[in-house]
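Just one chain follows, in the form predicted on its own, and it is written as structure tokens.
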Amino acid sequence: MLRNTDSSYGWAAIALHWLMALAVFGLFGLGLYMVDLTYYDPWYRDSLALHKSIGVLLALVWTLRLLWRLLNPTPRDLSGSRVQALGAHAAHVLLYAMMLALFVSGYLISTADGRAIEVFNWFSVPSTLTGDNQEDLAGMVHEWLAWGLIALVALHALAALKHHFVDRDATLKRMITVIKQEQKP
């Protein structure tokens, strides 16, 4: 089952979810590593290029995932609580918004000097905006957003675990594997 149904996520949504999760954690870890490198460290430029390239690709996957989400039904909430469903929806919207803001701030950091972003030497993203203190201001915003996103992702994971172990519903299971719908007689 490629597409979502009323009761389960399809393989495309599941794959995009976990691909993005891995990329977010990887970029966060790489970002933490990069800030301690000195200009003369051999990995200084390579880690930065890797971070930028993966960030641009993640922005493309984010766009694909958002389109997929808009074109597919979202499985119904299993909790039955309207407040919990609204909270989950708000958290998802905030996750998407924070990632978008991270992409924009990363772009502003990377292009502040007027140079394009080279993505694994496959293609480049041109520099369109430059300004005074752009790199510093965008860098500060990027760092705070990264920490905020990781905190929100942790809350998201805790909510999934709560559904699994406390509520004992299929919320977590349906994001790990496709749950087959029961056939109606």
Partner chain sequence: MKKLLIAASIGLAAMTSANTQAATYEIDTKGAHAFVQFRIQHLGYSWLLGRFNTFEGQFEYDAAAPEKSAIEVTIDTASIDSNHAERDKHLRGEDFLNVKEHPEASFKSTGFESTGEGKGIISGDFTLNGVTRNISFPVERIGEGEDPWGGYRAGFMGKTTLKLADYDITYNLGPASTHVEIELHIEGIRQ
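Not measured: the values here are computed from a predicted model. Residue numbers count along the first chain shown, from 1.
Keep in mind that the form predicted in complex with its partner chain is missing from the display, and what follows is about it.
Visitor: Is the gap between residue 154 and its partner chain in the predicted complex 4.5 Å or less for some heavy atom pair?
Guide: Residue 154 lies outside the contact set for its partner chain.
Visitor: Is there a heavy atom of residue 51 no more than 4.5 Å from a heavy atom of its partner chain in the predicted complex?
Guide: Result no; residue 51 lies far from its partner chain in the predicted complex.
Visitor: Test of understanding: in the predicted complex, would residue 136 fall inside 4.5 Å of its partner chain by heavy atoms?
Guide: Result yes; residue 136 sits at the interface with its partner chain in the predicted complex.
Visitor: State yes or no: in the predicted complex, is some non-hydrogen atom of residue 38 no more than 4.5 angstroms from a non-hydrogen atom of its partner chain?
Guide: Residue 38 belongs to the contact set for its partner chain.
Visitor: Counting non-hydrogen atoms within 4.5 angstroms of its partner chain in the predicted complex, say which of 88, 101, 112, 95 makes the cut.
Guide: The residue in contact is 112.
Visitor: Ok, 64, 57, 32, 140: which has a heavy atom sitting within 4.5 Å of its partner chain in the predicted complex?
Guide: Selected option: 140.
Visitor: Any idea which of 40 to 48, 64 to 72, 22 to 30, 120 to 128 reaches within 4.5 Å of its partner chain in the predicted complex, heavy atoms considered?
Guide: Going through the listed ranges, the match is 40 to 48.
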